[in-house]
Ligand code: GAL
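Quick setup: one chain, the form predicted alone, written in structure tokens, and binding and motion questions come after.
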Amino acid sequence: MMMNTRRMMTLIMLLTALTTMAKGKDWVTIQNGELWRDTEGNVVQAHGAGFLQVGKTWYMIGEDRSKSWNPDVNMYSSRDLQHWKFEGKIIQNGVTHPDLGKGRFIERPKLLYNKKTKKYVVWCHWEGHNYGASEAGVFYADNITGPYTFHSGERPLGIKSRDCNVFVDDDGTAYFISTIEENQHLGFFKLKDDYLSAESCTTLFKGKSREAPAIVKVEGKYYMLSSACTGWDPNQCKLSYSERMTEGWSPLENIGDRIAYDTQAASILTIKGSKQTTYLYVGDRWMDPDLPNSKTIIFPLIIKDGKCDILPAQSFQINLKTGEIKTP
């Protein structure tokens, strides 16, 4: 009887330990300030990153700055935002388009999925010598990992366009947001149903010279983070919000410290968990110490009732199933 009791207690302790371990696997630790490496041990090159979640898998695309200039566009995949598998170069110099790597280069590629056409679409800054082209590039593919085909490279609706991002609303309406007319204003380009071209443009934040726009929708409100135009140097991140996408945006207000914790916004991720929805700020820490070794930084975002706070945690834990976060 005593032996059975001991065996039973040992079994209970073992099961408890295994359960705790299983629960612990749901928690992921995000460590900031270090170079990311993929599952093969190579440095992750996906600067100005754009993200798309398909099922439980996150896909990330960005600039390959390993040779500093004329970047290819790389794609990585992950189920935990920590371990990234290299999926390949989805847009490549001299391959996807003959001018890439010569008279043309790409910045800030962003990824969309069109439910109607069932195609994956990339919008990006499609640039030339001395930033004189000021155009947007569009690529598409049947499969998320490519191969991607060049669709167009032009000024959307004839408007000069540079630093950019994308946003898809709840009803599937997609927008390309970019700095326009020599970085003076922000242009909100509503895309056609196939996401391959723009059908209209609303000019907002006139004369404010904002770039690196990143938009997220929370409880019916649109929140946008953006930075000033200071090249590779970080500056004050500012917030604006609105209940309508193309009008009614609030005056810009400072958030974070004066250099956005040495980052520039690239994307905002929405983690829909079983207990709560959590938002993550993804930014580039440019020239740290040089362009190829620039860092990708992830901070928790607290967003509610027109307010937004960046939590500049050196490290934090997130449970991707429940949406919960633990910060030091």
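In case it trips you up, residue 1 is the first one in the sequence shown, and so on. Since the structure is predicted, the reported quantities are computational estimates derived from the model, not experimental observations.
The form predicted together with beta-D-galactopyranose (GAL) is left out here; the points below concern that form.
_Heavy atom within 4.5 Å of beta-D-galactopyranose (GAL) in the model of the complex - residue from G158, G231, G248, G132_ = It is G231.
*Answer range among 187 to 195, 102 to 110, 166 to 174, 140 to 148 for contact with beta-D-galactopyranose (GAL), defined in the model of the complex as heavy atoms within 4.5 Å*: Stretch 102 to 110 is the one.
_Is it the case that T263, even though its partner is missing from this view, gets within 4.5 Å of beta-D-galactopyranose (GAL) in the model of the complex, heavy atoms only?_
Residue-level check for T263: no, no contact with beta-D-galactopyranose (GAL).
*asked:* Quick check on D72: any heavy atom within 4.5 Å of beta-D-galactopyranose (GAL) in the model of the complex?
replied: Heavy-atom contact with beta-D-galactopyranose (GAL) at 4.5 Å: absent for D72.
*Which residues from 182 to 216 come close to beta-D-galactopyranose (GAL) in the model of the complex, meaning a heavy atom within 4.5 Å?*
The stretch 182 to 216, when checked against beta-D-galactopyranose (GAL) in the model of the complex, contributes only E211 at the 4.5 Å heavy-atom cut-off.
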